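Two forms of a single protein chain come next, each set out by itself as structure tokens; they are called structure 1 and structure 2.
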Structure 1
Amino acid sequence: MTRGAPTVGVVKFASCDGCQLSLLDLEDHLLEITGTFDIVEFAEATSRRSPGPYDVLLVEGSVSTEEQAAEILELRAQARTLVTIGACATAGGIQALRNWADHDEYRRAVYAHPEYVASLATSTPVSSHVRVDAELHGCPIDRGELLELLSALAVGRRPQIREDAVCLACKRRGVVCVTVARGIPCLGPVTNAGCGAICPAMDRGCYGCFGPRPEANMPSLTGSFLASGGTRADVARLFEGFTAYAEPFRTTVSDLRGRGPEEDADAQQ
């Protein structure tokens, strides 16, 4: 580590650890990364700890307990640049599906053992709680995009991380469209690229783990799935994945299911 190198913290909330593991999965660059940045907090990898401040804070995981909701506020105050990494932190993760669970039944279940379990009724992205400076999408994030983010920070470049459709990467890679050639439903047209189109390359449809593109044309794509013979529940399940709580997937799921998530139910009361 160079003296005066930017300090980096890696922290997590509700998640599987896979996104922070992506940093350790940059095996060929790991020692170069620690030579460029001073990693002062990364509990999975080092016993050295730091409460901040951090030049760059990478946050994995969704906010799903009262303690986490308080902690993210403190971390935000310590972070010059706060980057959320992965579907949990950017979209609430797979666990955000509980946001659609029946409110009363859910609460009853939790209060059956209130002394053991501290969890909020919802799992929400970090951006619902604090300002976020940059996001890396994906479940998990792509380690190449993580390296690009760190490289861009190192030289002051805009990270080459764009909100193109998966289709663009898919066609660049020379993969044949699985929807057109095989009739497989694929979320590629409405999903952020970044993964390298691995699902179509593996002969299956994209399941949206890099989250919806901001301009995703949901009515057109869901209309086409329904016209191909899928039931509303079948089509809903396509979007009930790792980024279901991110708009516009969220509204699409609620429309297809005929009920909204927890947050919406509260708002209506």
Structure 2
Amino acid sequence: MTRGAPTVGVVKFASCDGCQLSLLDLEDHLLEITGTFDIVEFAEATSRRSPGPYDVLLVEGSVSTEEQAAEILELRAQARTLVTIGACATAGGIQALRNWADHDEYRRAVYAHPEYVASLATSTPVSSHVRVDAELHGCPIDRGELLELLSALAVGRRPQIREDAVCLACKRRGVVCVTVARGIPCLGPVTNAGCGAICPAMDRGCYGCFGPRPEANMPSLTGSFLASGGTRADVARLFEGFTAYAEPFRTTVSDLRGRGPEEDADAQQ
């Protein structure tokens, strides 16, 4: 660490820790990172603790409890730059599927003593609660994009994060389109690139882990799925994954499932 280095905190809410591990997976770059930044809070890697302030705060996980809803407000006040990392923090994560269901029923089905589980009825992204300065998408995030973000923050420039569709990543890798060649439903046309088109390269459709890309043409894609013989429930299920609660995936799921605006409002309480 150099004197006067920017202070960095890494915290988590409801998540699996996978995005934090992506930071540790930077391997050869770790010494450079620790020489550039002063990591003052990162429970996954160090016993150092700091309530802030932070020059940079990386937040993993969705807001799923009252305590987390209060804590993110405090953390925002202590952070000069707040960056959400991963599908849980940016879109509510796979746990946001409960936003369309009966929360209490879920708890009763899973836990022997649901009364001990203090959770909110919804799982929401950090941006639903505080201002977010930057987002890294994915489940987990891409190490290259994380390194680009840190490099940009170190020198005070804007991160160069691509906003291409997964389809373009397939073209760059020479991956044959699974939809055209095999009729496999794929969310690649409406999903942010960043994963390197892992699933299509393994002969599977994209699951939308990196979330909806800007100006995603949802009517066109859902229309093609329905025209190919998929039922509305089948097509809705394609979007009900890691980033289901991110717009416009969320509206698409609600429309396909026949949820009205009143029900959607209730789900966000």
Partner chain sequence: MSEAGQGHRYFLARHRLADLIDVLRGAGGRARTVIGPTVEQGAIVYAEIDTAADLPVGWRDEQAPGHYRLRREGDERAFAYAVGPTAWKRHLFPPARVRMEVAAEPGADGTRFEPTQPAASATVLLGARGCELAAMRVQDRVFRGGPYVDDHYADARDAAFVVAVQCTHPASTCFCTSMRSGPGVEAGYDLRLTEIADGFVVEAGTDAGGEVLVSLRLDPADEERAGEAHAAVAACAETVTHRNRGVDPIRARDLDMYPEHPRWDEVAARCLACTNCTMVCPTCFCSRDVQQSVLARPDGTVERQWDSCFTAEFAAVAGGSFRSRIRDRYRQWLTHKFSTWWPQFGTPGCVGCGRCIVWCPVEIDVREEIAAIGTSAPESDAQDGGERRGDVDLGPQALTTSPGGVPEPPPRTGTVERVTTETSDTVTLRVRTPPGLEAQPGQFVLAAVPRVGAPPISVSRLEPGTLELTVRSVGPATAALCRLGPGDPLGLAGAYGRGWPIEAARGNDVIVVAGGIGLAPLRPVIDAVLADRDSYGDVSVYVGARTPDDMIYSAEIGTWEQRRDVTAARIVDRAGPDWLGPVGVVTQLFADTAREAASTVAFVCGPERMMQASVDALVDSGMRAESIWLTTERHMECGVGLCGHCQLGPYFVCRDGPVFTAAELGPYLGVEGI
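For residue numbers, the reference is structure 1: its sequence is counted from 1. The structure presented is a predicted model; accordingly, all values stated were derived computationally and were not measured. Think of the rigid core as the biggest set of C-alphas that the two forms share within 1.5 Å after superposition.
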Next item on the list: Looking at the two shown chains, say which is the form predicted together with the partner chain.
Entry: 1
Next item on the list: Could you check whether the CA atom of Val180 moves 2 Å or more between structures 1 and 2, using the rigid core for the fit?
Entry: no
Note to self: Taking 2 Å as the cut-off, check whether the CA of Val155 shifts that much or more between structures 1 and 2 after a rigid core fit.
What the structure shows: yes
